Each structure stands twice: as C-alpha cells, then as structure tokens.
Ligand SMILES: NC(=O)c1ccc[n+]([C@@H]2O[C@H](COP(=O)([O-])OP(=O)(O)OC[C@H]3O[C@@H](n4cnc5c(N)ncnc54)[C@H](O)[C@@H]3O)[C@@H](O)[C@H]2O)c1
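A single chain comes next, written as structure tokens; it is the form predicted alone.
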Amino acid sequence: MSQLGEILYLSRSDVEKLGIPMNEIISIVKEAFLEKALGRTEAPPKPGIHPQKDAFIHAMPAYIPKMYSAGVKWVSGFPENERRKLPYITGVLVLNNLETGLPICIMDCSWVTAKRTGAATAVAAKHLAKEDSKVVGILGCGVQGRSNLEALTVVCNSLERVQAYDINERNLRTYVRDMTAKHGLEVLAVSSPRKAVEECDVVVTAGPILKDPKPIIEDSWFPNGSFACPLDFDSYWKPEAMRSMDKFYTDDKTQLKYYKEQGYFLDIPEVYADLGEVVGGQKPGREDCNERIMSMNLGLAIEDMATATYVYRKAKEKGVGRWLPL
C-alpha cells in the first residue's frame, strides 16, 4: 500500500452483488434519523447546478460521527434521459477517512439512492401510516416506484393491493409484471392518477422534480386516514391537497426552507414536525386513524452516507470491488 493508501472502487454491479436486504437499509436509515434528531449529524442543504430545465446536479455532503461516516454524493437528475435510454438519476459517492480526511471509497450512487429513498419512505410510513394499511398507490413506476414498494412491504405487513400508474405504458406493464412476481401482491395498472390515489392507505408519487409544476392531485381524491409521501417535491400535489392534510411533515425543515428560497414549494402548509423528531420521540406521529398525513421527503445526505458506509464495510468483508492507488 502506498503512503497515501488505496481507494476502493465499487461499480453499480459490485454494489448490487452484495445483496444487502431492504430491512437492513431501513434500520440504518432509521438510525441516521435518530442521530439527526439528537443533533449528532452534520449535513448542510445541498448546493446544486442546473444545466438544463428541470435537470440538476447536486452535491450532498454529510457527517455521522456514531457511524464513522463522512462523505459526499455528487448526483444528477436529468428528466430527458429516458428518451436517451439512460437513467434519470446517476452519480458517484465518495467516502472519507475520519482521521485523515483521505478518500477511502468511490462507488456508483444509483443503488444507494434508490434503496435509501425507499427506506426513508418506510421509516415515515412506520410512524405516519395506519398500522393496517392494505392498499398502496404508486405514481411513477421507475426505479423509485420499485424501491419504495419494496421498502413498504417490510413495514406495512397488511399490504394486499398496489394501484400503479405511469405515463409510459411499457414501464407500467413491466412494473405490474415484476412487482407481482417479486412481492406476491395484487398489482393493478390503473388508467389515471386519480385511480392511483383513490381508496389508497399509502400514496407515493415518484416522478421528476419540476421547478414550475402543474400539479394534478386534488384533495378530494385522497381518503381520510391515508398517508402520502411525495418524492418529487410539490410537482404533482395541488396546494389545496397538501393544505388539506391534518399533519404535514418533512425529512428536514432547514433543507425545505433552503428550497423555498430557491423558488420551490411556493404554496405549502406549515411543517408540523421533522421526521427525525418523530423517530426520536420528540414529536408525535399518527395519533388518529382518520388523520390525513403527508411527509415531504426531500432526500438527505445522511441517508446516503449511512447506507454507503454499510455498503463499504460489506464490500471489504466480502472482497468485492477493485483497489486503486490514490
């Protein structure tokens, strides 16, 4: 090993072959939220650049002392990539040694982003959805539509049916086929966003993030007692639908304020609590079976660093990846 050491490179294939189950990712992300609630994390709002309309490249740094985790994710989201047959989300993640600051690992961030986002939704649902939730609506049947359903099956033990919608009919058909086989649930392709929301106990919207959205989901579609988790900011929920919630949460109030200053979230309700405060027992989650609840999950770097550090350790244990000189 050289004086500066070596760095472990993990491709997407390397990360996937580790086979880390979703329940372990959920536990890791929950612990990260707890550390955040206790004031033991450092994660500034993510700065970004925007080379195209509704496209972004963000830097997401975070430090979690308890997990010996520090690093940054450099992640992009380009909505037009679909027509190029490329993923919407791409990027890399770098982990650093806490004693020297030297980078110790570079990995593809696609798997981490997908899994930690689903895990965060599951953490929210555990506290904010009804315990006997049976029907989930998924709007957007891409990577996040898949990982979020996977995570929800871990924490919502009563799930029976999925109502799925996507503007791309091929994506929708593939989703129904794959998710039916994987989870053993009744997965239905529905013909409109309204049919994907009505009669659902949990609703996840997973489309592209839009700077100037034209939202379509109305408050009358959303049943009493249900839980919603938008992953696409306020792109698909009308302001009156969001304001109809009895409780409106977010995964990070500081970051939500930052985004408002950047021109997003121009008409949203007052935040009732930070998700970390709920996980840490500082604020209540669901208190009534009839409450309409939303958690506006923005995606936090602490989720990425917690998950990536776990991936790094598993890769070293199993001898996966390629060591490169620094």
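Don't overthink the numbering: it's just position in the shown sequence, from 1. Remember, predicted model here, so these are calculated numbers, not experimental data.
The following text describes the form predicted together with this ligand, which does not appear among the structures shown.
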Next item on the list: Decide if the three candidate residues Leu18, Trp74 and Ile302 all line this ligand in the model of the complex, where lining means a heavy atom within 4.5 Å.
Entry: no
Next item on the list: Given that the partner is absent here, state which listed stretch (152-160, 195-203, 91-99, 226-234) has heavy atoms within 4.5 Å of this ligand in the model of the complex.
Entry: 226-234
Check: Might Asn297 be said to contact this ligand in the model of the complex, defining contact as any heavy atom within 4.5 Å?
Finding: yes
Notebook entry, point to check: Do Gly137 and this ligand share at least one heavy atom pair within 4.5 Å in the model of the complex?
Noted result: no
Next item on the list: Tell me, yes or no, whether Ala181 is in contact with this ligand in the model of the complex, where a contact means a heavy atom of each within 4.5 Å.
Entry: no
Next item on the list: Please run the contact check for Ala119 against this ligand in the model of the complex: heavy atoms, 4.5 angstroms, yes or no?
Entry: no
Item checked: Residue among Ala129, Val123, Cys109, Cys141 with a heavy atom within 4.5 Å of this ligand in the model of the complex -> Cys141
Check: Which one of Cys105, Ile209, Ile217, Met242 is close to this ligand in the model of the complex, taking close to mean a heavy atom within 4.5 Å?
Finding: Ile209
Next item on the list: At a 4.5 angstroms cut-off on non-hydrogen atoms, which residues of 163-187 are near this ligand in the model of the complex? List them in order.
Entry: Tyr165, Asp166, Ile167, Asn168, Asn171
